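Next comes just one chain, in structure tokens: the form predicted alone.
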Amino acid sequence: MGQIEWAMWANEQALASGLILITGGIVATAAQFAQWYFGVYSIAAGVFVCLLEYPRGKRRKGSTMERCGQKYMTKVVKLFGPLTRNYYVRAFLHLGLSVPAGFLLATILGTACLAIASGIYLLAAVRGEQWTPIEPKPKERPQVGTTIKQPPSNPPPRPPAEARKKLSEEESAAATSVPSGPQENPIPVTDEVV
């Protein structure tokens, strides 16, 4: 059985917790809670977490599905080098970002989710995982001369191959048995006008 890549789970958890932090922060700020400034902090922290976590990392084995528009954010995340590639840094960064948002009821769910993501990132770091960007593969263009071996001889729509073989056999047999000349009608034709 394959080994679990914990960073993939942590990435999804952290992205969801960033969205939850933004939502809780909007609720706390719009409702004018007593400590509404923690709501503003949660919005800022949630946006930062979402921007950091939006690009998926490449898996060790298999293929990784890229998120829509990820290539633009990947360039930004790559600029920070080891600060964003190392999962120890991400684990403690997420844990630190989650603490101030825990003082407000509207943002406590986002805090708990971000703390869980921090724990999963710590587990991924202990297991030796590291964020690597998904690089686009160069597309190989097929050579025109090598792909077309022989152009089709009869125009489309073509019957299946078995039917073509039967038709060609029947045509060759019919061509040898039919004499050239006018065809005789087996039914007598009379010209009666009523």
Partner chain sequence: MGNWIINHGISGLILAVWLGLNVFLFVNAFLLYEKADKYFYTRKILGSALAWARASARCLNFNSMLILIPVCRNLLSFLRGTCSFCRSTLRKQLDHNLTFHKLVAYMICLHTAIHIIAHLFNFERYSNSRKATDGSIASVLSSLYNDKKEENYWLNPFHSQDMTVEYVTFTTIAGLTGVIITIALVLMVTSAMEFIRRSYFEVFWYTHHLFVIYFIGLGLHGIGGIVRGQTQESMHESDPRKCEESFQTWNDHHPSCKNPRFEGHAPESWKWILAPLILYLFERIILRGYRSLQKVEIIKVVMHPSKVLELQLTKRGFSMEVGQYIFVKCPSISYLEWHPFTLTSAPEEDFFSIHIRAAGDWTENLIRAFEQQHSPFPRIQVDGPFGTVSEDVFQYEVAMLVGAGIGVTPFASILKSIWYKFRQDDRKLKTQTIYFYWICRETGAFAWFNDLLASLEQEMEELGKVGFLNYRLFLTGWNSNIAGHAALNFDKATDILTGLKQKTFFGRPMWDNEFSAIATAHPKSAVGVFLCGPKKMAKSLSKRCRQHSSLDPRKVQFYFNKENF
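Residue numbers count along the first chain shown, from 1. Since the model is a prediction, treat every value here as computed from it, not as a measurement.
Although it is not shown, the form predicted in complex with its partner chain is what the next lines describe.
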Inset, instruction - Report yes if all three of 59, 113 and 116 come within 4.5 Å of its partner chain in the predicted bound form by some heavy atom, otherwise no. - result: yes
Inset, instruction - Would you kindly say which of 104, 122, 93, 77 lies with a heavy atom within 4.5 Å of its partner chain in the predicted bound form? - result: 104
Inset, instruction - May I ask you to state whether residue 31 is within 4.5 Å of its partner chain in the predicted bound form, using heavy atom distances? - result: yes
Legend entry - Partner contact for residue 65 in the predicted bound form: its partner chain, 4.5 angstroms, heavy atom: yes
Inset, instruction - Determine whether any heavy atom of residue 20 comes within 4.5 Å of a heavy atom of its partner chain in the predicted bound form, and answer yes or no. - result: yes
Inset, instruction - Examine residue 27 and determine whether its closest non-hydrogen atom to its partner chain in the predicted bound form is within 4.5 angstroms. - result: yes
Legend entry - Any residue of 9 to 25 that, in the predicted bound form, places a heavy atom within 4.5 Å of its partner chain: 9, 12, 13, 16, 20, 23
